[in-house]
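Below you'll find only one chain, the form predicted alone, shown as structure tokens.
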Amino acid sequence: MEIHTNIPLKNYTTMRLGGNARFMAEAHTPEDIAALSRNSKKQGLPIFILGGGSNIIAHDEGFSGLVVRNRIPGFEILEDDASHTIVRIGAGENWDDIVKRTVEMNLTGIEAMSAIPGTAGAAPIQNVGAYGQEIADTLVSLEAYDNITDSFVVLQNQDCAFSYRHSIFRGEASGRYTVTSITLQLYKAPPQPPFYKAIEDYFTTNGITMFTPQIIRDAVINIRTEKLPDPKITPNTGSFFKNALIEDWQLNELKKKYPDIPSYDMPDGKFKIPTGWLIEQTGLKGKTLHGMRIHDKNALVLINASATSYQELAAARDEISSAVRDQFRITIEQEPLEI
């Protein structure tokens, strides 16, 4: 394995901000992950595992340790019968390539998560989801390197403590595990309505009445292309803020002033409010703050129009959060992780 020095993180994160990583290496096998982790611990260096860089914000001072780019490949069918297929996927695989491949196999379960940038191994970290699907719905288990016990482990779905855009990997086990593969159970039955509202609206507008995984994928790609800028062209991290979760009494209070406020029931009795809608009500949609532009088609997205530092991004984030909190008494949370 080659280890490079003083590598600009802005070249490996889609927001294109951040200082240098002191060291950077690529891991192509689980054993690479273990070896790099052991060496970092021996040298007293912090370690950070990087996937596609599409959900990461890098600080101006860079990273004083080792950044490992997870590039572990793999796609293996473990089980296949009349109703479902179980596949094991290397953590370094491009996520949308995996979705495309499973859709071409006419499998359902992740087709609505099309066109999400990043790697397969990153999907469980924040329980990636879109348009009514999330990784927790199909993940059977994952394999990971445990940095504490210096061993490879298998974590079952229930071990991950999935919730909305959250898991143990962003909580109590942050930094402990490096995902090396994920195992998903996908299904052969065709997708059935009702679908997520944006997809339903798309089908109604386009007169679509037959549903297959490919039709769902095509719809999602068209919707996302319309609403979300391509991070390869326009610097952004996709949805910068999580959708807000509030209690029923908060929703009832808000409905008195905002009777048309959109809301969605959540399994734990809370309600999800689209944060993009909240930001739009503050009048900030389409505005540029500290070099960061709030996307005029989706206020959840912050575009790096001219910012050159993390500090500018943080100032824009805080100004948006304050505006929402002042108007709605709701605290919104940043979605990307930070290095």
Ligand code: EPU
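Residue indices: 1-based, along the sequence shown. Computed from a predicted structure; not experimentally measured.
Absent from the display: the form predicted in complex with the named molecule. The rest refers to it.
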{"item": "The unique member of Tyr196, Phe75, Tyr258, Phe152 whose heavy atoms fall within 4.5 Å of the named molecule in the predicted bound form", "value": "Tyr196"}
{"item": "Contact residue in the predicted bound form, chosen from Arg165, Arg71, Arg88, Lys188 - any heavy atom within 4.5 Å of the named molecule", "value": "Arg165"}
{"item": "Option from 101-109, 226-234, 153-161, 136-144 whose residues, in the predicted bound form, bring a heavy atom within 4.5 Å of the named molecule", "value": "226-234"}
{"item": "Proximity of Tyr202 to the named molecule in the predicted bound form, heavy atoms at 4.5 Å", "value": "no"}
{"item": "Exercise: Phe271 in contact with the named molecule in the predicted bound form, heavy atom 4.5 Å", "value": "no"}
{"item": "Distance check, Lys285 to the named molecule in the predicted bound form, heavy atom within 4.5 Å", "value": "yes"}
{"item": "In the predicted bound form, Gly175 touching the named molecule (heavy atom, 4.5 Å)", "value": "no"}
{"item": "Ser37, Phe48 and Phe169 all contacting the named molecule in the predicted bound form, non-hydrogen atom within 4.5 Å", "value": "no"}
{"item": "Within 4.5 Å of the named molecule in the predicted bound form: residues from 234-258 (heavy atom criterion)", "value": "Thr237, Gly238, Ser239, Phe241, Lys242, Asn243"}
